[in-house]
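One chain comes next, on its own, written out as structure tokens in the form predicted alone.
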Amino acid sequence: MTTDELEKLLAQQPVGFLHRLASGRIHRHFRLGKRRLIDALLRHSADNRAGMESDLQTLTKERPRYEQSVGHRQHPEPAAHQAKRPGHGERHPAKAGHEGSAEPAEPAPDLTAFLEGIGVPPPQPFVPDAWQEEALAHLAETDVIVSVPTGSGKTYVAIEATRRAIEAECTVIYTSPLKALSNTKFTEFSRIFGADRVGILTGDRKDNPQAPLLIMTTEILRNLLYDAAGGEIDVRLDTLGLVIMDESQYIADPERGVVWEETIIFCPTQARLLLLSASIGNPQDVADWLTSIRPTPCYLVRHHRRSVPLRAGYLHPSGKLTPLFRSVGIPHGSAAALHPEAKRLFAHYEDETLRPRSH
């Protein structure tokens, strides 16, 4: 197959198929439009044309079944551009939804319904969630990992645990992976607890280092614990009662994860550890590891319900906004039906990227 023939065959495929072909071959292929994606595949095929042709033939065999399942667009276009772009969950249309490949019977939400309720909610009295009280109750006795979705209220647990530790005349250390986040927390906690009770150590900044609450990067705490292990004991470690490690999913980072591991290993046994994360992939494994190296069992607090629900929309380069799915919220599972308007805009974008480039 010549390069021109391969290019012509690639151009005949839906862009979703091309992304499947590019997976494992082209870095960040999902950011490319169809024309640039075809160019990238052609460049890559120079090293392994046979493998590219074989995978492409396999995909083209799936296309008749795909097109039969997807059916016609609501707004038909010229035959030269009727290849459809499979959306999320449409690569195997026969599995899409309980009704097979048919669209759900209920009408798709319009933009008004999609945007309804977005904004600042009215003030309400604060009532802790059950999982927040559970985390605080166990933190009085043992280490705790809190793995809950973003916006659920992890910071409340950290603030209340800090308040209780300071009232017990214990030192509290709050770590974050970034200097910018440490500076933000320093400002936030100074407003909550008072500037005289909060200090910061980030390497670039050293303010009020004798305060009962110290904000620092995880690397700074690791270095302090290294010094203590070498005999240079910092007096604050004698009264250290709580170590809060925010964004603890960094323990899995290939480059920086060892800092989190060493900090946990060297942390004084009298101090409680509170690990916070919204995206740690295996919190039970981390809890089991802490249990194996620390004097008390580690308790895991975990739930998946979002306090602030997510919605998915698609913003076309033209400025057109539409819901991404046929439901207001993000559906669970891979068999999610796309919104008809999103399908139309996807097809329009595909057609735009197929136009010959001007030279």
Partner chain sequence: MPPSIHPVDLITTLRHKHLTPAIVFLTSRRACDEAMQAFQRSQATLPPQRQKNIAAVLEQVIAQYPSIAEHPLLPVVQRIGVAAHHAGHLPSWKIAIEELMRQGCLDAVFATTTLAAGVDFPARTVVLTQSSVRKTRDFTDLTVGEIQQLAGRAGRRGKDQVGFAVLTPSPYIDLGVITKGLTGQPEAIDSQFVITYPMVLNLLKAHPLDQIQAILARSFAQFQLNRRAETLERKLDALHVQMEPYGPRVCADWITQWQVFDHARKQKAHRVQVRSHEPPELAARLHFLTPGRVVGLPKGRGIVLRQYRSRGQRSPMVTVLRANGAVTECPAGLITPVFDRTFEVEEAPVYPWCTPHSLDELTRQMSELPVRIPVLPILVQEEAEESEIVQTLTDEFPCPTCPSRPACHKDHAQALRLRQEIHRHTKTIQALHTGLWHRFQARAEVLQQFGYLTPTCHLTEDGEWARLIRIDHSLLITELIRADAFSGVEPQILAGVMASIAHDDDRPGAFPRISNGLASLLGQVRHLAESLAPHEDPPLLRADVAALTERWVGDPALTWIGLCRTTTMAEGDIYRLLARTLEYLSQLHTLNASHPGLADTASRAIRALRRGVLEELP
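For clarity, a rigid core is taken as the largest C-alpha set superposing within 1.5 Å between two forms. Worth saying up front: this structure is predicted, and the values here are computed from it rather than measured. Residue numbers count along the first chain shown, from 1.
Just so you know, the form predicted together with the partner chain exists too; it's not on screen, but the next bit is about it.
Of the residues given (I159, I265, A195, C170), I265 alone sits with a heavy atom within 4.5 Å of the partner chain in the predicted complex. Though the partner is left out of this view, G203 does reach within 4.5 Å of the partner chain in the predicted complex, counting heavy atoms only. A140 falls outside the set of residues with a heavy atom inside 4.5 Å of the partner chain in the predicted complex. When contacts are judged by a 4.5 Å heavy atom cut-off, L18 does not count as touching the partner chain in the predicted complex.
Contact annotation: L59 falls outside 4.5 Å of the partner chain in the predicted complex, judged by heavy atom distances. In the predicted complex, the partner chain lies within 4.5 angstroms of at least one heavy atom of each of the following residues of 308-325: V308, P309, L310, R311, A312, G313, Y314, L315, H316, P317, G319, L321, L324, F325, in sequence order. Once both forms are overlaid on the rigid core, the distance between the two CA positions of I280 between the shown form and the other one is 2 angstroms or more. Once the cores line up, the CA of G319 ends up 2 angstroms or more apart between the shown form and the other one. After superposition on the rigid core, the Cα atom of I293 is displaced by less than 2 Å between the shown form and the other one.
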